[in-house]
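Just one chain is shown here, as structure tokens, and it is the form predicted on its own.
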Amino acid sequence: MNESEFSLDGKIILVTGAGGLIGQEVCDAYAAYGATVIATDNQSSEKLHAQIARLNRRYPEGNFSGISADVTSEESVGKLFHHIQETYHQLDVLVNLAAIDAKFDDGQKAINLSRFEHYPLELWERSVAVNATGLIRVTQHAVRLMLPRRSGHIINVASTYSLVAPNQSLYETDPETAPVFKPIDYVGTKSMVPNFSRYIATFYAREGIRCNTVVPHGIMNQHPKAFQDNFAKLSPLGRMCELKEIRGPFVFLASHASSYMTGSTLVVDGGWTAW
């Protein structure tokens, strides 16, 4: 195996949730390996275009395009894929990153400040619409575009909480405030992702479409020191993941280097789920 095995030259890659922390890094990594990247998010078109402009200053003009799309809307997703069909005539890789998550970064307030027995079900329904139904909707459209060429790869993004339950002590960072819990909507909806990937992988294996899952955990993003300290105690590697460390797994799965992988779950968690 040599460097060319990881080349993404000529590949058309769609990344949903491209405006997020991981999404921006993944888009940058794909461009660095030669791909043409279609970045989509439900953020305003101005913010998305500003992101694309920054990337186009780093890489050859035309390597990126940005399209605002709402994965909960069939009309919006339909317009996105019509644009891909008309402009590029193909889709080689889909990365499903769009998701709702309760954040614990510095300066952000977690959406769930209540225990499970009081958890508002409207928040569950909102997450299902994005994390589950939106995932299926985008994947359906991608498969329809990939089938005529009998070629394509879908990369779904889950969470360590698709493999294990949250250790709620991770979020105990301030004894002076009410306890904060990782909510059931994220855990529940992400838990479907690895098995959904296995479903798609086996369903389309003989038609040239592969599907795998990436399981990241604990990406460093200005988290409070108390949170970082808690994470270090619970992680075999004793630290959170640096953002740049997520690049390799996504490039690997999008490239020919992973050509015999389908239905797999690639865990990038510093050993979190190993004990």
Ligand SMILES: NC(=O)c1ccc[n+]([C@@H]2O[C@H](COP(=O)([O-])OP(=O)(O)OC[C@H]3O[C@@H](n4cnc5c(N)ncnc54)[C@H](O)[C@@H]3O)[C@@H](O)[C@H]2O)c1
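Start at 1 and count along the sequence shown; that's the residue number. Note that the structure is predicted; figures quoted are calculated from it, not measured.
This next part talks about the form predicted together with the ligand, which is not shown.
Stretch 182-190 is the contacting one of 182-190, 167-175, 139-147, 78-86, since its residues have non-hydrogen atoms within 4.5 Å of the ligand in the model of the complex. Checking Asn195, Gln90, Ser151, Thr72 for any heavy atom within 4.5 Å of the ligand in the model of the complex turns up a single hit: Thr72. In terms of contact with the ligand in the model of the complex, the residue from Ile12, Ala257, Met261, Leu21 that brings a heavy atom within 4.5 Å is Leu21. The closest heavy atom approach of Gly218 to the ligand in the model of the complex falls within 4.5 Å. Remark: Ile200 does not count among the residues lining the ligand in the model of the complex, judged by a heavy atom distance of 4.5 Å or less. Contact check for Asn56: no non-hydrogen atom falls within 4.5 Å of the ligand in the model of the complex. Among residues of the shown chain, Ala158 is one whose heavy atoms approach the ligand to within 4.5 Å in the model of the complex.
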